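Before any questions on binding or motion, here is one chain by itself as structure tokens, the form predicted alone.
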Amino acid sequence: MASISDSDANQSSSFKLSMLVNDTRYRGLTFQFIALMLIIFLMAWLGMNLVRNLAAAGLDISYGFLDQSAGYDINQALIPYTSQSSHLQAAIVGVLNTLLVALLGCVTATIIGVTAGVLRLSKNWLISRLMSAYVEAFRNVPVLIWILMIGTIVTVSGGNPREFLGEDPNSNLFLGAFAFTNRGLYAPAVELGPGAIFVAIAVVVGIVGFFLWRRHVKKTLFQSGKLLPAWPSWLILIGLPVIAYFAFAGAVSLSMPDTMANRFNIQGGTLVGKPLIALWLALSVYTGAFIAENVRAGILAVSKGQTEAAAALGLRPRRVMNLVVLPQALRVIIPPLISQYLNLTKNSSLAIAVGYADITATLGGITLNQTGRAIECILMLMLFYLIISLSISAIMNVYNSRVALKER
């Protein structure tokens, strides 16, 4: 012990400033400290320059404009909103609209991408070539052009609402509940009553129970080789909400589009605007083309011998895909899939091309032009997209770590 203490004392006493550059033990830390100081100095200089220029122009950074009346209408709002609402409420409407189209787009793009990726590997020549044409067409044309093209198609499609009115109006409604007109899609609206919270809890419990049963089936198969049936998971997923729905009668109901209440327009239900439909479709099919390539690459990354070995054990093709191919392909698919979800969310900022009121159109568009608060609005936009992107990355990385293969 005495020798070690003496050695440490000798090293500390022999330390020289020149070792910060010449000694490899300290050189990396030295340059990192210098880089950090330069960044802090640069940011401080930019901040002081901004404040000095704003003061010279008689301006300052203030968010008091958020309490002022917005004075403009929004065509699609998930919360109550009028032109007399504040700019803050207009920004919240924009945030909810962005999250709505991002969520719908990610789900639909995943379905399209997985389907196209699997079909592109089909042995059917026509199907594989059709999927190749779809992927190459959408990947090599900018997303803004696809948004404008699909927006134009959606805008000119659909008939006048009066076409759905008449002596036998319900005969024109798709499934008796949907009507696509030149104003948008009329669809049933969900209305909540007393006891709706218990139905919502039943839905959540059903979803959790679905995945827990699937996990139990997989764990039992790997530990004992016994294959349990998977149908109870669907019974849990559907049965619990159905039981809660009938137990709390009237807690959840549907408001159907009424074609008899008015001679000039369809009443009841909810109207999904055409800008939302156009942006949703455009982002879904565009991002789906990239996801298809990720899925195809993930499946091809699995050795063909794995499939042949599973088939030799007597497993059917569907079980080979679910138990052998997909678990190994997911570790290749998930990381680029995270990037595609982020791209879709950020591409939703092009919504103004079809007139959809997302956060960029409300806070970064009309509010910015009315108030002239460019710095405040842009900072809020940057903060919003940063939080959303980091949240998506965190959630998907957690999922990626769950599905990653664990090596001993």
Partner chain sequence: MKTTVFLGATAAAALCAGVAGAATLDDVQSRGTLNCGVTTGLVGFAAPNASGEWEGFDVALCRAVAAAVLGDPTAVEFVPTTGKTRFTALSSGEIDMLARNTTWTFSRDTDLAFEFTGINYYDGQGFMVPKDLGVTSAKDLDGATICVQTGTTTELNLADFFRKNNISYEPVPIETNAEAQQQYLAGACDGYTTDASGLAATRATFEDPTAHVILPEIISKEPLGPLVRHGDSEWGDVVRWTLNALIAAEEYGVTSANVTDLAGAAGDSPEVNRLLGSEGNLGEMIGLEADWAVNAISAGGNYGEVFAKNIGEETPIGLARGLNAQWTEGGLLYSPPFR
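Rigid core (definition): largest C-alpha set, two forms, superposition within 1.5 Å. Numbering follows the first chain given and starts at 1. Since we're looking at a predicted model, the values are computed, not measured.
The next section is about a form of this same protein that is not shown, the form predicted in complex with its partner chain.
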Exercise. Find the only residue in N75, S303, S122, T270 having a heavy atom within 4.5 Å of its partner chain in the predicted bound form.
Key: N75
Quiz prompt | Interface residue in the predicted bound form among N322, S255, S132, S83, criterion: non-hydrogen atom within 4.5 angstroms of its partner chain | solution = S83
Self-check item: Heavy atom contact within 4.5 Å of its partner chain in the predicted bound form, the stretch among 271 to 279, 246 to 254, 313 to 321, 94 to 102
Solution: 271 to 279
Quiz prompt | Triple contact flag N262, N369 and R373 to its partner chain in the predicted bound form, non-hydrogen atom at 4.5 angstroms | solution = yes
Exercise. State yes or no: in the predicted bound form, is some non-hydrogen atom of R183 no more than 4.5 angstroms from a non-hydrogen atom of its partner chain?
Key: yes
Quiz prompt | Contact test in the predicted bound form: N49 vs its partner chain, heavy atoms, 4.5 Å | solution = yes
Quiz item: Taking the shortest heavy atom distance, is R331 within 4.5 Å of its partner chain in the predicted bound form?
Solution: no
Quiz item: If you check in the predicted bound form, is I352 within 4.5 Å of its partner chain, heavy atoms only?
Solution: yes
Quiz item: Going by its partner chain in the predicted bound form, which residues of 54 to 72 come within 4.5 Å of it through any heavy atom?
Solution: A57, L59, A70, G71, Y72
Practice problem: Examine R120 after superposing the rigid core and state whether its CA is displaced by 2 Å or more between the shown form and the other one. | Solution: no
Quiz prompt | Shift of W280 between the shown form and the other one at or above 2 Å (CA, core fit) | solution = no
Quiz item: For P142, is the C-alpha shift between the shown form and the other one 2 Å or more after core superposition?
Solution: no
